[in-house]
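Next up: a single chain in structure tokens, the form predicted alone.
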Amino acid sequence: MKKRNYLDFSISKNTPYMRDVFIDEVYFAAKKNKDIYFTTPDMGAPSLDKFREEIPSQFIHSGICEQHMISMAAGLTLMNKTIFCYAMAPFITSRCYEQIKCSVAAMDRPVCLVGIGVGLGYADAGPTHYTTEDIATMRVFPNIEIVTPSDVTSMKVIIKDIIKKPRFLFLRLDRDVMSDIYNKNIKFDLKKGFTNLINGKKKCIISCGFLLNKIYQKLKISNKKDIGLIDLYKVKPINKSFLKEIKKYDEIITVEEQWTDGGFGSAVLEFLNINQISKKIKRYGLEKKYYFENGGRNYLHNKFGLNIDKIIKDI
């Protein structure tokens, strides 16, 4: 069995990979609905093997040609098919940008783009496999929705919602195993687009995905009561009700596994500006360079500006 990439805190051995949960959820839905299709350019996973073998007519291997996969998916939506395009995050964004622009965005086609291994998720594969700019590049499309789940429970809610209401959406998935956050006590509301996980006093951290999960676990362990934490899982569009949540804080801190130019923090800044809200804001992100160093994801975080312990201490 492949060794799990654990965070700095304890994770149950039974915690599944988000990738497998995603594929299984689509598989179970596709077994009941013949109009649900799954396409991928030569990606491998045990869950995909089951999909290929049991419902091959709804599984499309596009070959190692992500651009073709996107155009084909757009065409399938014209036949009222619900289509999921699944590939490594850098290849379904940067490599396919023109096809996404012309075939999906401009034509307003309800294609779900699923990028696996966002940020530095493919450590230590190097700059070809990192997506330190995917939020910046994808959020410029006027009719896109961008969602980043931070645990398995939130992922299931997102998939069911997309199946119920297909639309042009970029789903950012992590490769690493992450602890559960959402449960009967902490509800995940996709329509709302964010969750206030920890009530603070004057300062609040806003993040999403892998880093949000990591910060949440650290704050729980440290038992700090003065720092708030918000999971902004839908960075586009940002819900208007987000204003009420952040107005009570004097200082906002955004943390992202991206370059800060045009990324997660920029989206928050623009939202505040559009709504004429003035706040003291500090943005933490990756150093603006390409990463060739090896040593694992935590090593890269610590070396290039995303040491969570240091960030919390600074705050």
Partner chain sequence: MSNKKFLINKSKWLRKEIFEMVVKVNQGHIASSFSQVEIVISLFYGSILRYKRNNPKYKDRDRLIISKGHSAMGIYPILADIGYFSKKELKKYGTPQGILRIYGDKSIPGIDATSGSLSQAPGIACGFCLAAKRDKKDIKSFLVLSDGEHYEGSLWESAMFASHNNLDNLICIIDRNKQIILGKDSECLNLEPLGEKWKSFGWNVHDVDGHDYDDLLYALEKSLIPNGKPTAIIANTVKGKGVSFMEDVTRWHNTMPNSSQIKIARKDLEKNTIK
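Residue numbers count along the first chain shown, from 1. From a predicted model like this one, the values you see are computed outputs, not experimental measurements.
The form predicted in complex with its partner chain is left out here; the points below concern that form.
- A heavy atom within 4.5 Å of its partner chain in the model of the complex is found for one listed residue only; from Lys34, Lys280, Lys289, Lys248, this is Lys34.
- Distance criterion of 4.5 Å from any heavy atom to its partner chain in the model of the complex singles out Leu78 from the list Ile221, Leu78, Leu243, Val140.
- Residue contact check for Ser71: one or more of its heavy atoms lie within 4.5 Å of its partner chain in the model of the complex.
- The closest heavy atom approach of Ser47 to its partner chain in the model of the complex falls outside 4.5 Å.
- Although the partner is absent here, Glu98 is a contact residue: one of its heavy atoms lies within 4.5 angstroms of its partner chain in the model of the complex.
- The shortest heavy atom separation between His61 and its partner chain in the model of the complex is within 4.5 Å.
- This chain is displayed without its partner chain, yet in the model of the complex the stretch 61-69 from 61-69, 259-267, 24-32, 272-280 comes within 4.5 Å of it by heavy atoms.
- Each of Ser57, Cys102 and Met107 places at least one heavy atom within 4.5 Å of its partner chain in the model of the complex.
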